[in-house]
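Okay, here we've got a single chain as structure tokens, the form predicted on its own, with questions on binding and movement later.
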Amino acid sequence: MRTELLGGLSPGDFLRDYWQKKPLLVRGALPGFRGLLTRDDLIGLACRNDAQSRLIARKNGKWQVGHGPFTPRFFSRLPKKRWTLLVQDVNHFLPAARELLLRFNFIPHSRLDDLMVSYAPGEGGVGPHFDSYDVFLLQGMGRRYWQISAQRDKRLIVDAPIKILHDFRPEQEWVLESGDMLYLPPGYAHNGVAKDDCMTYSIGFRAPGYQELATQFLIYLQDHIAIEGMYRDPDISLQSHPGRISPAMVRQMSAALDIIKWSDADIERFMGIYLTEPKSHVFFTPPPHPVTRKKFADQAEKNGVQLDLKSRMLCRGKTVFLNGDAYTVGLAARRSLETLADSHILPTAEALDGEVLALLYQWYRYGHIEICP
């Protein structure tokens, strides 16, 4: 099915021809879209302790970066031009942001990172750079001038507080207006400059580096394996050089470590836990006055339930993963919970069995889900 969001392409055509391959400019991807929040709304988020924000400016030819939380007074002192405010994880605070992200569900949720929103007055930007992730740059209010390049030269300006390309050589350029969107695959150099007061919505899809993946998998194994016994050498031989590690010690240690094995099932379980693990700054707030389990079941049946905006949920086989925890469930429960993982909402609990309701109530008490209003 073709869609305006992808410029008349079907999701399948987009994935085949553009995803991680080449840029795509879409005029009128979301006709009439002017954004989900105002400049003052974004500033309000940047002043919160539980939001991650940055302000990037260029003064006298030098780049400067500051990290939030900020204060309203701070913004009142800023110049009228040449600065940019960026707020990460706006989808953690704004229900409409979740709805926007669900428009991109032709990409698996396991790849989704967040919605970052930036505001810049005229001439504001963060400099020419490249990202290691896929991104859809959706223009809200105002206009932004974009330049992009497939250049291989990735050298950065030395000692700059942010990653700025040393020699940016633009190959294509456009001005994006409200509702326009630009997709960029990883590693594509780009530079965006505000033509006037404007806001850009960046839908980012990250993939872990293999070194990070290996490190975290080894940590996972550390918590999930047990090797019994300890080193023994009752038949130790006299060594003429006591400072040497003997071949016999190496062989015994090698045999002990060779016991460490893992299967595809171990990797699947690790991936579900790793990919749903909340970021270090994310915390959940349990309901201050939780309803009883019976009342929860009644309200869930009537109104349905939805994931908390900060929750991450994935499924694999018989296992459901939510915010870094794994739950093995039966077939009936799996079908219902996959619906929740796909759409972030279960509109009604009428047909749900006891296993599902027990899990939902537990997650409700943790603050991971909530009853729909």
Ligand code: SIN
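Just so we're clear, the structure is a prediction, and the values are computed from it rather than from any experiment. Numbers for residues come from their place in the sequence shown, where the first is 1.
There is another form of the same protein, the form predicted in complex with ligand SIN; it is not shown, and what comes next is about it.
Highlighted residues Q88, R98 and S311: none comes within 4.5 Å of ligand SIN in the model of the complex, counting any heavy atom.
Exactly one listed residue, out of D180, E123, D131, D113, brings a non-hydrogen atom to within 4.5 Å of ligand SIN in the model of the complex: D131. Put simply, of T276, Q151, Q147, S202 only one has a heavy atom within 4.5 Å of ligand SIN in the model of the complex, and it is S202. Segments offered: 279-287, 218-226, 115-123, 68-76. Contacting ligand SIN in the model of the complex at heavy atom distances within 4.5 Å is 115-123.
The shortest heavy atom separation between A300 and ligand SIN in the model of the complex exceeds 4.5 Å. Put simply, H190 is close to ligand SIN in the model of the complex: some heavy atom of it is within 4.5 Å. Although the partner is absent here, L176 is not a contact residue: none of its heavy atoms lies within 4.5 angstroms of ligand SIN in the model of the complex.
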